[in-house]
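Next come structure tokens for two forms of one protein chain, structure 1 first, structure 2 second.
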Structure 1
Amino acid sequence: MADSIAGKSYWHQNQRRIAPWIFLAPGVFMFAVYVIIPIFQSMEISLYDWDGIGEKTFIGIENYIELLDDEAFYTSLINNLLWLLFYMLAVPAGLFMSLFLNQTVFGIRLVKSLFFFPFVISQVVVGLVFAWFYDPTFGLLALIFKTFGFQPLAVLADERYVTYGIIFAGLWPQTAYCMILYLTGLNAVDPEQIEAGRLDGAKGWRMLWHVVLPQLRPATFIAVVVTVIGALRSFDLVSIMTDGGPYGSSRVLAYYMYEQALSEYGFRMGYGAAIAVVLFVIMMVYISGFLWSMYRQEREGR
């Protein structure tokens, strides 16, 4: 009896501290099982020569040494860096679209739904739509070129343009996602701060930079992190639009990892895991740098 009373007393005294952990426990467990543990398993597998079925052979860092002499790996790495660079255009583009759509005029809901549409459709559909758009025989881009008297450009068949063409296709839904994040953030902007800024003579770019953007930092953080992750894990558009071609020029690290580990060209689980580890390190460096930058800004702003 005394033990049950003591237990109830402990719960009443500490329930505000314990309750959040109880609610978080299922999510933390799922995150650990499906994210954290597989990361360490991938690091372990990268130290082996393994076809996924037979016995593992420990080879240490030989997979990573082989990466240093792999031209296809460097092509994939450069393409991923291009994805990172140009994919970040989705963040300012989403911001300006949200500023344009954050109005109370007739028909704005219909316009918002049209801008929102790219985000709700599958990436496979996006890839097919842009593959038709780029087609040099009947695609819309070819018709535009012909209208102005130019020869149609086979974007997906040209090593110089194929990566940029796929990135442009990916920017369409990613910009819509960033727009949604910023529209949500704009709804939380304090109108009193806007009014105070107007009284101080701030308008236009000064209002945006000094009053609105500081209040959109949470939305900016989520938009940047999700965009970075989307750029680094780009796979489906490459697979649908070019299958890594022409001549492997549009490969990215995620697609090259799939080719090495799971396609008919590979079944080299250890080598594919090494590529995955490199991709993970790049992602962590990029996101950690952004987190540190935001943390420093927060401290300077206090």
Structure 2
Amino acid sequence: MADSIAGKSYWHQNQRRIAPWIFLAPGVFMFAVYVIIPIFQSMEISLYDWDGIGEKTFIGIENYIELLDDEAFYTSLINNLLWLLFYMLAVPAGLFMSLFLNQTVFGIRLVKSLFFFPFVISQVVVGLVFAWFYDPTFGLLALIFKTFGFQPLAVLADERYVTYGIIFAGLWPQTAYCMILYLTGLNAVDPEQIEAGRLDGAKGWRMLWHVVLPQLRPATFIAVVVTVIGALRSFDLVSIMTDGGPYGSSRVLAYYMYEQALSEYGFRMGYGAAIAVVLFVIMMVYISGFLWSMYRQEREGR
């Protein structure tokens, strides 16, 4: 009897301590193997010269020194900054679209989901569609230019415009994403505060700025976070629309890294990893900010 109590009671007394680890084990294991450990492995690989198959040669920080003199790296970095800057337009654009659509007229539900459509389809399709839209001989853009008597612009073949052209394509689904975040946020806006604002004579812009936007802060926060991450992750559209060209002028860090590590330009795993580490460090600035704000929320929530 005493024996069985002792045997049983260990689990009984401690199960609330042990249980979380049993539940966590499979998920943490998978995540560690495929995500956490590889981050550190990449950092290590960035210190080697490695073609992915043969022996690794330790070269210290030489990959990083090479980066400092690499024109293509700077082009990619600047393009990433352009992405960060202009991709952000999705946030206000999404806000205004949500304000436009936050009505209760006939069929508005369907209209809202159709507006959201671009986000659901693959970026591969978005890229193909826009590559075609920009085509200088028969694309819609060229047609519009011709209608107004201008020389059609070869957006994707012109070093000056190519990155903006790709970002514009990226804005299409991203704006839809921000729109849906704001639509949900607008649903939760306190109607009493709106009425109170109206009684105080607040209208239009003033109402938006002083009453509505503060209440939309959680939506704005998420919209900014996903847009920043989307901008730094931009790879699909660049790969589909231009392959980084012309002459590498539309590369971004994510694409340049892939090109160095895995394409016909050579399997320079170490150099690629160094580029990835730079991208990771930039991203970490934003991730830390996000975690910090979550941490504050958690502490308030307790």
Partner chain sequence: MFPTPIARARPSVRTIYMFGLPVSLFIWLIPLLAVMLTSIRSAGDIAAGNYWGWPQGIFLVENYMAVFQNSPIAAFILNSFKVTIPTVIGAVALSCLTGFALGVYRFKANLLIFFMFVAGNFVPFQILMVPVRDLTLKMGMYDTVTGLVLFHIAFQTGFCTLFMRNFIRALPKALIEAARVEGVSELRIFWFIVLPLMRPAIAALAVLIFTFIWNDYFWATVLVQGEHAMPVTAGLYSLNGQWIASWHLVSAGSIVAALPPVAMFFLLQRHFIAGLTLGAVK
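So that the term is clear: the rigid core is the largest set of C-alpha atoms that superpose within 1.5 Å between two forms. Quick caveat, the model's predicted, so the values are computed rather than measured. Numbering runs along the sequence of structure 1, starting at 1.
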Looking at both copies of this chain, which one is the form predicted on its own? 1
Core fit, then E55 C-alpha moves 2 Å or more between structures 1 and 2: yes
Tell me whether I287 is among the residues that move between structures 1 and 2 (Cα shift of 2 angstroms or more, core superposed). yes
Y247: with the rigid core matched between structures 1 and 2, does its Cα shift 2 Å or more? no
I37: Cα shift between structures 1 and 2 after core superposition, Å, came to 3.0
Shift in Å of the I22 Cα between structures 1 and 2 [rigid core superposition]: 8.7
